[in-house]
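Heads up, the chain below is alone and in the form predicted alone; it's given as structure tokens.
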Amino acid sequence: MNTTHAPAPATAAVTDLNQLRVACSSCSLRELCLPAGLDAREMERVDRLVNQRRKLRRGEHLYHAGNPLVALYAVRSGFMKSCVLQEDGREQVAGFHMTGDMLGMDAISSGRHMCDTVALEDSELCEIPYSYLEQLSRELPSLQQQLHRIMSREIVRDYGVMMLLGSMKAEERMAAFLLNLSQRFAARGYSSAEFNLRMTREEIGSYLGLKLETISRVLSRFQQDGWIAVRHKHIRIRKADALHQLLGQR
């Protein structure tokens, strides 16, 4: 940066801060995120709480396993992954996170994060200081209820992954993975039928407990059957009903 530039006027800094402070009340993701269900007065207090954003470049860590709990983070844009380093040095992917998801709750019980969280693409997150959030949630029952809903959602998601890895065949795991992504994109206002995979096939395999060659084989089979179309990382779901039927759903 050229140090000869004049400093920004104070009014610009105030404007930036005000834009951050109204981020929650005007954000299109509020129904997926922490502020959902709060009234106007409560939203105003949460707006003052969320006064900082964090930008990450692809490959940068949000936090590492063992780091102390400082804040929770709401993904405003981008895509993240959580992973655990195993004793043999291999990385085990524990989850993928997109806009509207909350990160950092793995540290609430122990005060330290249990996994690494890394940006899969350039991302922006709203930072919510945990100590202030904890205090405010005691004062606002509706905020505490929403925090509990989010934690419950994470528990349900973890349970779903356990069921996925414990009882499903490779084809069923991949079908469930694609349908889950489809539903999550749809909930955020994006297409449920076409989307880009932000993660590599190796990362998908790590998450689903499958080898890379198995991931490639299953995707090829789905494409040959006309269920999906694959072009590099772009996925188009042609026959969602076939994927549901594979899982015994209608």
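Keep in mind the model is a prediction, meaning the values are calculated, not measured. For every residue, the number given is its place in the sequence shown, counted from 1. Definition used throughout: the rigid core is the maximal C-alpha set that superposes within 1.5 Å between two forms.
As for the form predicted together with a further copy of the same chain, it is not shown, yet the points below apply to it.
Taking the partner from elsewhere, Cys115 is found to have a heavy atom lying within 4.5 Å of a further copy of the same chain in the predicted bound form. Put simply, Glu172 is close to a further copy of the same chain in the predicted bound form: some heavy atom of it is within 4.5 Å. Using a 4.5 angstroms limit between non-hydrogen atoms, Leu178 is distant from a further copy of the same chain in the predicted bound form. a further copy of the same chain in the predicted bound form is not approached by Arg76, whose heavy atoms all lie more than 4.5 angstroms from it. Put simply, of Ala71, Met80, Ala107, Cys126 only one has a heavy atom within 4.5 Å of a further copy of the same chain in the predicted bound form, and it is Ala107. No member of the trio Thr200, Gln223 and Val230 reaches a further copy of the same chain in the predicted bound form with any non-hydrogen atom inside 4.5 Å.
After superposition on the rigid core, the Cα atom of Gln135 is displaced by less than 2 Å between the shown form and the other one.
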